[in-house]
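Just one chain follows, in the form predicted alone, and it is written as structure tokens.
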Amino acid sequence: MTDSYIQNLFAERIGGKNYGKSTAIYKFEKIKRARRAAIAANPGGEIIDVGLGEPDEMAFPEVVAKLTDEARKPENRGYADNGDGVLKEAAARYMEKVCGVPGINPATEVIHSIGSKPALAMLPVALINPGDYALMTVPGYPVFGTHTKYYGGLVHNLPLTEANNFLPDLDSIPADVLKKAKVLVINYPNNPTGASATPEFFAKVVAFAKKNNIVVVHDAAYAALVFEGQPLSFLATPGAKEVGVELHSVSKGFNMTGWRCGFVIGNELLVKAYGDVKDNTDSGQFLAIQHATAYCFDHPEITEKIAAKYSRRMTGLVDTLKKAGFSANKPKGSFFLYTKAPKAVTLKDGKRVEFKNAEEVSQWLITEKLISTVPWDDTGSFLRLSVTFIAKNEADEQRVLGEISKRLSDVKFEF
């Protein structure tokens, strides 16, 4: 593509006149390329993909049936704008029944989102001025931070370390950053670490936010996927609604990634601000999808069945990796397993291969063992694996896990 005057018109936030000229390759693109190369080098071979970050099954039949019924209603055909009361009221019921958060006003404290990603992209519009800081965790989901920078804001990263149970150290934030901080973004159960928050941590977050006049955004995309007990909502913490909002969706917890629907809930003024930005950004999600989403939040037993499957698979994957020498530990929720990457591997012929980082480990695994993983080198070298691998049934799950074990059995990992 030849340069034209258009090349000089791009906004600086996406690279300005250098937009499109970078030769850097995004991590997930590297994985895709390595996967394609492995398939080409091993015709007919089975790639075991434990790097997937989305559910492996369809939405439940009753949810699809609900969507079909709602899509046939002429009153649902038009622009949804900021939604009707159906999803808002279901969200309030869900928060009380499942998350132990009573007293939500559906009219003023809930609004639908077209999935959590757009909500994370829109909230900075309402909160960030040039020079303001967003406090983000690394590793983590970068969307809020990306849009913070788009608006002239800054990002301060809080490392999630094993030593601190993958919770951010709020006391580590420099005073000059804290003075300019507007928002703290957290996500539990966490992507990619799989770590869960505690009531004590959330209480500390509320106190921190009040002391420093900071808004809290809790991305609860995986909140319902817990292996024991009830989901832990940030809003169940005393005082949480005074300082922040929480984002829920049906993507992960109800096998509905492509449906793009959820809700923002919490502080009335923040919900209103998000709604105003949203009203000037999109025309709302199709009401039939909103109503099917409401059906889901009124039937949390769907998520319980999905979480039980992930728990079963997670137990099997942890056992498989431990057998191979990894120090894997089962998380309390999500579908992610985060484990230290090996520093080297000794092959059956005695040859030793050293790895500089997790990315090299991930490349070796896909190339040599046809196992696809996701590397994270932000705070130490770790691999993220997911239990959303493709398997037809429980017997097939065991086959896949057995195949992983077999492929790793002829090498010795060093950590």
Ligand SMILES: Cc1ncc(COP(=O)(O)O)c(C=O)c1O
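Residues carry their position along the shown sequence, with the first being 1. Owing to the predicted nature of the structure, the values given are computational and were not obtained by experimental measurement.
Same protein, other form: the form predicted in complex with the ligand, not shown, and the subject of what follows.
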One residue of L232, I306, A181, L120 in contact with the ligand, assessed in the predicted complex (non-hydrogen atom, 4.5 angstroms): L120
Among the candidate residues H147, R260, H156, K340, which is the single one with a non-hydrogen atom no more than 4.5 Å from the ligand in the predicted complex? R260
Pick from 186-194, 272-280, 171-179, 205-213: which stretch has non-hydrogen atoms within 4.5 Å of the ligand in the predicted complex? 186-194
With the partner left out here, check for me: in the predicted complex, does some heavy atom of S249 sit within 4.5 Å of the ligand? yes
Given that the partner is absent here, does F227 sit within 4.5 Å of the ligand in the predicted complex, heavy atoms only? no
Is Y222 one of the residues lying within 4.5 Å of the ligand in the predicted complex, judged by heavy atom distances? yes
Does Y141 reach the ligand in the predicted complex, with heavy atoms at most 4.5 Å apart? yes
